[in-house]
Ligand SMILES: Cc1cc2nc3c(=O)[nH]c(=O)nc-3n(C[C@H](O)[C@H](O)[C@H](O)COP(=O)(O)OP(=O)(O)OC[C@H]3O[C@@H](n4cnc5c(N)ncnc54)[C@H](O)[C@@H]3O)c2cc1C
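First, one chain by itself: the form predicted alone, in structure tokens.
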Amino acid sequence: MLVSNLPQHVDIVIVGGGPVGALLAQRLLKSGHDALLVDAKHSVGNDPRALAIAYASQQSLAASGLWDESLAATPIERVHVSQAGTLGRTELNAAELDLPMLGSVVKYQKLAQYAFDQMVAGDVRLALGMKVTQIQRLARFAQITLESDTGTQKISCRLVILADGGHLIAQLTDIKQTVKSYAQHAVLATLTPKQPHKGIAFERFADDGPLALLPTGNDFTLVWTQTPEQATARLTLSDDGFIAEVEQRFADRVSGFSAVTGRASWPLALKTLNSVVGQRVVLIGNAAQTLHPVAGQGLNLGLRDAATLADVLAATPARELGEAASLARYAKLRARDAGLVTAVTDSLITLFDSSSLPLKHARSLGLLAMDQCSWLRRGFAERMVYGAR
């Protein structure tokens, strides 16, 4: 529900109203904690991305009322992984995990709008059009400064949770962010296949950058990693020229495409923190880590952040919210999953970025080995679905 008169004090302030912040807010509501979600925007903005939501993440959202059939998500039943110019390939299959699907592809804007609507219609307290400009932290409480069209207001709280608001990290003297530029852009496009995709997603490691095809409705969403110069060149190609470039890199793995729409691009970087907790503050989702899209794990990792933090806070008495011991428990619980997923995602880019012929053959053998070893294949698929448990 929307609130116009802000309280002077609340136990927990969540900054950021996207799916990660929404999941946490819904879960905290169930546990009875006094929480307020604030967002600088008045509404969900335009976002053209389509994201792969792992089956476990989908179940977590559904349990909190943030997922249903109206999202028109497209199931992913199989993921075909291959390397161009070699025989290396493997396939991850939902049936091997006894699951109905490995995940689903959903438009980010549609998911964010659904989460927003559920909170507005429900009991989560929302303060929109409120930009957090300052966080002051003392031993027993924190104070945030919010700016809006009507002026400036301060709220005290026991704990501040940043699910967005990366610009505030500079104010947190006990937390340091590291940014690694990949010197790459992600090219986004919608491709219409000549034959039905049958719920198969593709990950193709080409010599000039990895490509992913995510089944989205009757189409594919393409995410193609390129150098900035290559990305600019791809965006200026004719539709036929762009399709020909994609088809060339997939060779006979797909049947071809009849149309392309919605081309765009954005720069890629890895952003990590030396600690996701500090004095009276926790960072989750994109505020905690921003990953390369190659493995499609960014939002899934953030949703697992929110779910774990909700569990920790549900077991924490109100008077202990924001205390160092409680925050340390959360950081310990998330360290393995976040660290492993971040390292694997970053390593994939490093490993497949080299054009060295011996390394190319080694990568091919690795994919073939995974294809022949069911336990290795299942283990990798489980990590994609559930994270590191």
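Numbering starts at 1 and runs along the sequence shown. Note that the structure is predicted; figures quoted are calculated from it, not measured.
The discussion below concerns the form predicted together with this ligand, not included here.
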Report task. May I ask you to choose, among 29, 40, 321, 349, the residue with a heavy atom within 4.5 Å of this ligand in the predicted complex? Result -> 40
Requested in this report: Answer with one of 193, 293, 278, 88: the residue that has a non-hydrogen atom within 4.5 Å of this ligand in the predicted complex.
Outcome: 293
Query raised in the report: Heavy atoms within 4.5 Å of this ligand in the predicted complex: which stretch among 360-368, 58-66, 337-345, 45-53?
Result: 45-53
Report task. Considering only heavy atoms, tell me if residue 15 and this ligand come within 4.5 Å of each other in the predicted complex. Result -> yes
Query raised in the report: With the partner left out of view, is residue 297 within 4.5 angstroms of this ligand in the predicted complex by any non-hydrogen atom?
Result: yes
Query raised in the report: For residue 176, is any heavy atom within 4.5 Å of this ligand in the predicted complex, or not?
Result: no
Query raised in the report: Taking heavy atoms only, is residue 141 within 4.5 angstroms of this ligand in the predicted complex?
Result: no
Requested in this report: For the heavy atom contacts within 4.5 Å of this ligand in the predicted complex, list the residues of 226-265 involved, in sequence order.
Outcome: none
Requested in this report: Note whether the distance between the C-alpha atoms of residue 291 and residue 165 decreases (closer) or increases (farther) in the predicted complex, against the displayed form; the change is 3 Å or more.
Outcome: closer
Query raised in the report: Are residue 165 and residue 7 closer or farther apart at the Cα level in the predicted complex than shown, by 3 Å or more?
Result: farther
